[in-house]
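Quick heads-up: it's one chain on its own, the form predicted on its own, in C-alpha cells.
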C-alpha cells in the first residue's frame, strides 16, 4: 500500500507584535490543508473575579481586563449594570462616554498601525528600529497619541483606567474651557491623520479577497459606538438583547480562547473593516473624500485592508471628537442609583470590534453571573478561515517563507488582543 506523504508544516512559534501569546501551525497535505491558531495565553478568569462583587466595583475591575482599551471595557460594564437596574443615563453622560470611547479607538488604531503593522511592510522587526529613518512618522505617531490620550485623561481623570466614570454618570464633569483645549489639540494633529491614511493606503497589500460576513453595531443617527443594533453585511439585524439567541461560543482543545459563530451562518468579522463596510454612509463628508483619495471603496473584502479602515477611523474619530468637544456645554450632574435585580447585557464597539458584557444582579446589587465576550473571540474563527484561504492561494513549495510572512501580516491586520480573549 502506498504511503501518504507527510504534510508540509509552516510554524510560527511565537507571533510577535500582537497583544498576547499565540502560535500558528499550517499543515499542507496533498489534498487538504489544516490551520491551527494556538492561543496559549493563560486564562484570566475575569468572570469569576466579578461574581460576588457589588455593582459599583465591576467598572473598575472590568477596566483592568485590557491595558489598551480599558475605557471600552469600563463603559460596557457600566452600561450592562445600568441595563440590569433599568437606568437610562442622561444625554450628557452618553455623549461624554461616546467621546472617550472614540478617543480610545483612535489612540489604539494609532498604536497598532505604527508600532505593529508598519514594520511588516518596511522590513523591520519593530517600530523602534524604523524610527531613525522615519522621523516624521515617529513624530506624527507621538503627537497624535498624546492628543487622544489627553481626552481620556481630562474627562476620565487619567489616560488609562479612568476613575471618574461610574454607574449613571461621572464623579466630575470637565469645564467647557478644558473641552475646548482638547479640541484645539485635535485640530493640530488632524493633518497628521490625513498623512497616516495616505501612508497606510499605499502599502503593498496582497491581492486577496474573501467572502466574509461583517457584523457591527449600527445606529439610526450616528456612527455607532455605544448604542445601536447588530447589523450584518449579508442581511439581518438583531437587538442587543438577542445576543445569546443569535451568537454561540465554541470551546476548542488547542486554544484558551473560545470561538464565536453566528448561529446557522458560521464565522464572521468584526472591527474597523466591518464597521466601515456597514456604516460608510455615516462618515463625515471629509472622511468619505479621504477614502476616495486613498482608493478605498466599499464593500471591501480584503482583510489586509483592515489597516486602511483603521486609518480612516482615525480621521473620522478625530473629526467626531472635535465636534463633540466644541458642541458640549457641560453641566454638573449627580449620579443617582436605585438598585434593582435582574440581568443586563451591553455591547459596544471597542477598537477591535464588538465587546459584550453581561451581568445578573441580585436585589442587593451583587453580581451573581458574569459573561464577557471580546472582539478577538468574535474574530477567532474568521481569522482561521482567512488564513486557510490565504494558504490555498499563496503557498509555494519552493518559497514557504513568503506564506509565513503573509500569515503574520494577516493576523496582525486583524489587530487581535489575545490577552482579552482568554476567558
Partner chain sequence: MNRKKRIRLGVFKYTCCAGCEFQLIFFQKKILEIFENLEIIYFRMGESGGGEEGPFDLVLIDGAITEAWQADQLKKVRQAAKFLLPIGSCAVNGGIPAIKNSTSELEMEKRVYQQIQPLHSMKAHPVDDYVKVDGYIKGCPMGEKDLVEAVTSLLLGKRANFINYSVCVECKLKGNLCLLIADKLPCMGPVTNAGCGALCPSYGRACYACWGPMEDANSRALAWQFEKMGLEPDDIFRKFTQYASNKLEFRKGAQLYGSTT
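Numbering follows the first chain given and starts at 1. All figures in this text were calculated on a predicted structure; none of them were measured in a lab.
Below: the form predicted in complex with its partner chain, not depicted.
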#### Entry: Non-hydrogen atom contact residue 393 with its partner chain in the model of the complex at 4.5 angstroms
no
### Message
Using a 4.5 angstroms cut-off on non-hydrogen atoms, would residue 53 count as touching its partner chain in the model of the complex?
### Response
yes
### Task
Flag residue 305 as yes or no: does it have a non-hydrogen atom within 4.5 angstroms of any non-hydrogen atom of its partner chain in the model of the complex?
no
### Message
So in the model of the complex, is its partner chain close enough to residue 244 to count as touching (4.5 Å, heavy atoms)?
### Response
no
### One stretch from 284-292, 86-94, 256-264, 208-216 that, in the model of the complex, holds residues within 4.5 Å of its partner chain by heavy atom
256-264
### Query
Which listed residue (328, 166, 319, 203) meets the criterion of a heavy atom within 4.5 Å of its partner chain in the model of the complex?
166
### Partner-contacting position among 190, 131, 240, 298 - heavy atom within 4.5 Å of its partner chain in the model of the complex
131
### Query
If you check in the model of the complex, do 40, 61 and 153 all have a non-hydrogen atom within 4.5 Å of its partner chain?
yes
### Task
Let me know which residues along 102-134 have a heavy atom within 4.5 Å of its partner chain in the model of the complex, or say none if there are none.
111, 115, 116, 125, 126, 127, 128, 129, 131
